[in-house]
Ligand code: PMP
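In the form predicted on its own, a lone chain appears below as structure tokens.
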Amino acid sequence: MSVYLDYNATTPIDPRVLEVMVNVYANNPGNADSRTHNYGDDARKIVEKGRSQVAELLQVNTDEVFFTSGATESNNIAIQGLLDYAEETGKKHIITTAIEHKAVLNTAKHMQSIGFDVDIVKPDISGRVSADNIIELVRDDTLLVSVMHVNNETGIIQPVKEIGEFLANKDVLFHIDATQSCGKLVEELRKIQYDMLSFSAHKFRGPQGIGALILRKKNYQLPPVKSVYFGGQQEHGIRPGTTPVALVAGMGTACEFASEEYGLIEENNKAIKKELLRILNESGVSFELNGDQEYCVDSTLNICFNGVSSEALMISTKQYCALSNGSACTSKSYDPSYVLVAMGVPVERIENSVRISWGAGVEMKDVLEPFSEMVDIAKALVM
């Protein structure tokens, strides 16, 4: 049995989270919006407890938490939901980066196709965009700046703190895709100034199919976001549709455990990364790391094994390690990673690169031997 090292794609659900969800599915059949019986009341209490758990993790108010199906939907609402406001104000300029998740990039490109002016900023070879390059593009008609906190392919932390500080007193909305940092970089995320934030529960051992959009109030007003489709008034009309009570309970529980345990998890992630780098450095294999490790999270390595096809390596090591060579949302594409291309990484190096990611629940003893086997196979595959 191989060790699972593709946490940036999705994480195994925490058994404690699953236990809570099974209990809700088995014992709480009500709709949280039903007002005429106790089943609805009980479901509503579960949903509001989950909302409080999310709010506690992020240190926001409960009325700033809106449930969605995940970060992709949250990103779409955060951007497309501003269309009416943009028409009213004439602010039709959007700034984002070339390494965003497709949920942001493709949505921004859609906005461009209907008349918005969109600037897309590239990072340098470090994998990090320059805060100055973002800031210098801000102008009077800028509607939105959208920048991810941590890149899903490289693990590189983007300068959202600096960007947020600059925009805090500007009439410009700031959106963060925190999919790879929520529940992980807990203290850092609590200190960032932003208007909107997206995340998915399944990236930190919660269930798939549930996430949230955080809308921070300014002068007692929420950002001027509207729903992107029609339905009922669930989530105050921001996200119509029946609230999935058990999924909310699962996400809330995952948030609670992240709040309590993130320090120990981070220590373990850091120790594992140190050992993996030791194995690489002592192996004699020719490799390069994609992205400046000074700005990289402790749970991700994007490694180029020089002269080794990533496809061949992944196939040859499936019995030892489950890893990837890019974002899960583009895994069916044979095009080079658009993130590494934007960084200026040569194509031949991209074709030799794999991503390894881990997190809560991964133990050192389960990782080192399979990783060493993978490195040995990489040495044997050198062309």
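Remember, predicted model here, so these are calculated numbers, not experimental data. Quick note: we count residues from 1 along the sequence shown, nothing fancier.
One more form of this protein should be noted, the form predicted in complex with this ligand, which is absent from this view; the next part is about it.
Novice: This ligand in the predicted complex: within 4.5 Å of a heavy atom of each of Thr97, Arg128 and Pro159?
Specialist: Zero of three within 4.5 Å in the predicted complex.
Novice: If the cut-off is 4.5 angstroms on heavy atoms, which of these, Ser310, Asn269, Ser146, Thr72, is the one near this ligand in the predicted complex?
Specialist: It is Thr72.
Novice: Find out whether any non-hydrogen atom of Ser200 is located within 4.5 angstroms of this ligand in the predicted complex, and reply yes or no.
Specialist: Yes, Ser200 lies within 4.5 Å of this ligand in the predicted complex.
Novice: Decide whether Asn302 counts as a contact residue for this ligand in the predicted complex under a heavy atom distance cut-off of 4.5 Å.
Specialist: Taking the distances in the predicted complex, the answer for Asn302 is no, it never comes within 4.5 Å of this ligand.
Novice: Decide whether Asn152 counts as a contact residue for this ligand in the predicted complex under a heavy atom distance cut-off of 4.5 Å.
Specialist: Yes.
Novice: Decide whether His101 counts as a contact residue for this ligand in the predicted complex under a heavy atom distance cut-off of 4.5 Å.
Specialist: Flag for His101 set to yes.
Novice: Please name which of the stretches 171-179, 249-257, 228-236, 293-301 has residues with heavy atoms lying within 4.5 Å of this ligand in the predicted complex.
Specialist: Correct option: 171-179.
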